[in-house]
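This document opens with one chain alone, in structure tokens, the form predicted on its own.
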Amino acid sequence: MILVEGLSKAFNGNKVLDQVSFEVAAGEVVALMGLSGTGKSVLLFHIIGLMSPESGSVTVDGTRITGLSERELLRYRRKIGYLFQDGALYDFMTVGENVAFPLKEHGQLSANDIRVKVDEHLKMVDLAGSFDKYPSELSGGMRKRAALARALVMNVKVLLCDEPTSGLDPIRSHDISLLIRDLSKKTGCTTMVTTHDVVNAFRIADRAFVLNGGKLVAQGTEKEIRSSQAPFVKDFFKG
């Protein structure tokens, strides 16, 4: 489903991604781990087509997105859901209007069908009855769940989550982690989650990829990662 080959990217001479290669199977949930500033979000931006690599390529669902025109990228992005670190809900819109926004921008559904679909997705994230509330009326965890509903509402094939537990207390972090995994499996999405939250990473993921110094230094199941003898991986998971 997602194939990354030899991906490299630098900013002002600082190489953030250095020949990164991996493959994620259809329906798999993967955690992308590493220290802050190690290129995790930059990698997601390449997968969604917001950045272009200096070398290498990204192929998603059979489409090689490296080199696509902006018009082609807009069509491609309709199959991608993106959960931003802070949720990125529009404060001037209600929760329901936020979730409906992608459907109104890209879909061809009637107003009634949009309302039905939004209510369905709000129920999926345990926010039934919140259509007319504003983001300011929600807790941090509820805002993350509303943003997750918006990310999934287009029946996307790929879900990208950038630090979904950031800013949440341990209980809410646990809840959002399990919800992401549950909905990924229920909808069949191929999901990538960036995180440095070791505890919750394996609540979400089937496998983990570990980045350090722009390189992919480990990948595998929790057991495989924790048995790695690579010094950085041992220190990261020990911490």
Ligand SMILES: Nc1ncnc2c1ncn2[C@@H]1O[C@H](COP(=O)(O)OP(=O)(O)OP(=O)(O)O)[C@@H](O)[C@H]1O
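These numbers were taken from a predicted model, which means no experiment stands behind them. Note that residue numbering begins at 1 and tracks the sequence as displayed.
Another form exists, predicted together with the named molecule; not displayed. Remarks below refer to it.
Visitor: In the model of the complex, which of 41 to 49, 22 to 30, 66 to 74, 180 to 188 comes within 4.5 Å of the named molecule (heavy atoms)?
Guide: Selected range: 41 to 49.
Visitor: In the model of the complex, does residue 36 come within 4.5 Å of the named molecule, counting heavy atoms only?
Guide: Because a heavy atom of residue 36 falls inside 4.5 Å of the named molecule in the model of the complex, the answer is yes.
Visitor: Is the gap between residue 119 and the named molecule in the model of the complex 4.5 Å or less for some heavy atom pair?
Guide: Answer no; every heavy atom of residue 119 is more than 4.5 Å from the named molecule in the model of the complex.
Visitor: Find out whether any non-hydrogen atom of residue 163 is located within 4.5 angstroms of the named molecule in the model of the complex, and reply yes or no.
Guide: Because a heavy atom of residue 163 falls inside 4.5 Å of the named molecule in the model of the complex, the answer is yes.
Visitor: Looking at the partner-bound form in the model of the complex, is residue 218 within 4.5 Å of the named molecule by any heavy atom?
Guide: Residue 218: no, not in contact with the named molecule in the model of the complex.
Visitor: Who in 179 to 196 is close to the named molecule in the model of the complex, meaning a heavy atom within 4.5 Å?
Guide: If the 4.5 Å heavy-atom criterion is applied to the named molecule in the model of the complex, 179 to 196 yields only 196.
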